[in-house]
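Before any questions on how it binds or moves, here is one chain, the form predicted alone, in structure tokens.
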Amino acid sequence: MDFDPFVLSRIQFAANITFHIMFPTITIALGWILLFFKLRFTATKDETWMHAYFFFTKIFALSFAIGVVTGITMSFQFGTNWPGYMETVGNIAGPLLAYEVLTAFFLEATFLGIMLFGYRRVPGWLHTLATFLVAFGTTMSAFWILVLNSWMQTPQGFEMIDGVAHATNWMEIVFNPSMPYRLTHMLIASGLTASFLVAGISALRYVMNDRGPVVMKTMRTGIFIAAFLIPVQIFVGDLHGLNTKEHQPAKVAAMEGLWETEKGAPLVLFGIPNSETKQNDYAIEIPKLASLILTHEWDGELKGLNEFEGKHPPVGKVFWGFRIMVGTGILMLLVSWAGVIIVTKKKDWIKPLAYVLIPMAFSGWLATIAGWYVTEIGRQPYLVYGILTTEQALGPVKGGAVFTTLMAYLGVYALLLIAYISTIVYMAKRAGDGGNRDPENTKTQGIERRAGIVGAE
């Protein structure tokens, strides 16, 4: 059997980053939600907030651990599969990755222990500060990773000397043209992922007959955060799209399924991109709407894929990835806004809402992965846009070796994912007894014990 090392290496890296990104997407925002729970307890002395804090802290710790391990695995591939990347842009990528470790990972790792096990061992203000610093650390980690990824999309602040990139202006590198939009878009995506996870797990506990105040408060928290963030995400996504049109028009053409440059381009709601005929089969279109959205003019001109012959990304993957992301976002909007109405005015409908929220618990994963595919596949054939192609970065690896490790990765990741979800379901089931008790007659230490914190110490 003939194994293509280039194709298999791309699939392997895609598999690694797909599995890895799911967990930072949770922890980035979940840290801030935990801080909210802790501050609510400090302000109200309502111990149900501490029960919520301890329960979701365990989910944070589980997600954080898997995210760290998969991140290390992913970074190894820069040396094994893609040495040309570091050889060409290592002078820029290396320092940015180092900044992420120095300013973010060390901060998270240092204060995570206090956050998990220090509630009864340090002053309350210090425990709250540790929670804040862990949340801040996850956000700083996202900042540096998104800086590097954005620079790969819209590189500036460097010069090429003998085929190697050298930094000339670090401010331009860090604050490259797409960074503000990409960072904001990702942070909000994390907020949506974490809020639907909190609401979905709370809904699972509700269906398991845990109808206590803890469950209702966490369900409401998740729903209200999602309802607030999703319209903001739609607005930021539009700005991000306009920025992408300016700097990566080939990606936008693939997203829209636009084969020919035209004025008054239609918005393709559905279609099957056909690279042979260079058209969309079975297309359902709204006339002129793509031009209106992307140029704010009915007859605005959009560049088609014909302008980038041989240098545009694979259309089908980008086209469908974009629609999955947008479709999931619309579903999030409908569910969260309906949820706000139900928990505030139609409380008799909470059980049907819970059954909807349970499968939505991991909807953020679907939207994030689809959006990440649009971003990364849409950059092809470049690894660093306009500078380094993906093929140029490939190292002298053998296809058979890549195939073997790919199968091993997929097997381990499948087991980890099953274990992760099973553990969350188990924790939700075990939390039921504590959630049904009256928190005003329960001491905080009892809440800790039911949440598994005291036993862990």
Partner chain sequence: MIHDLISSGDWLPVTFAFLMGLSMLIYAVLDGYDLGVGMLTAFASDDEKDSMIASIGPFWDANETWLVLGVGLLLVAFPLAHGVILSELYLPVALMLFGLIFRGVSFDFRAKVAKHKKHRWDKSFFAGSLITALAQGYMLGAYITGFADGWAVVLFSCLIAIAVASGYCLIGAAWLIWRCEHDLQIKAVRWMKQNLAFTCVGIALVSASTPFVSARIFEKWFEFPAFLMLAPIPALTGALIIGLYLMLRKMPLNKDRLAWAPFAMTIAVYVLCFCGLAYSFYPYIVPNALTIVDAASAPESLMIILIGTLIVLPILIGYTLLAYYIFRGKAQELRYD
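Residue numbers count along the first chain shown, from 1. Treat the numbers as computed from the prediction; the structure is a model and nothing was measured.
Form predicted together with its partner chain: not shown, discussed below.
- Although the partner is absent from the chain shown here, 73, 83 and 107 each have a heavy atom within 4.5 Å of its partner chain in the predicted bound form.
- 402 is the sole member of 28, 33, 388, 402 with a non-hydrogen atom lying within 4.5 angstroms of its partner chain in the predicted bound form.
- Just one of 143, 117, 372, 259 comes within 4.5 Å of its partner chain in the predicted bound form, counting any heavy atom, and that one is 117.
- None of the heavy atoms of residue 188 is located within 4.5 Å of its partner chain in the predicted bound form.
- Contact annotation: residue 122 falls within 4.5 Å of its partner chain in the predicted bound form, judged by heavy atom distances.
- Within this chain, residue 113 lines the site of its partner chain in the predicted bound form, having a heavy atom no more than 4.5 Å away.
- Within 4.5 Å of some heavy atom of its partner chain in the predicted bound form lies at least one heavy atom of residue 87.
- The stretch in contact with its partner chain in the predicted bound form, judged by heavy atoms within 4.5 Å, is 74-82, chosen from 282-290, 149-157, 74-82, 341-349.
- Of the residues in 142-175, those that come within 4.5 Å of its partner chain in the predicted bound form through at least one heavy atom are, in sequence order, 166, 167, 170.
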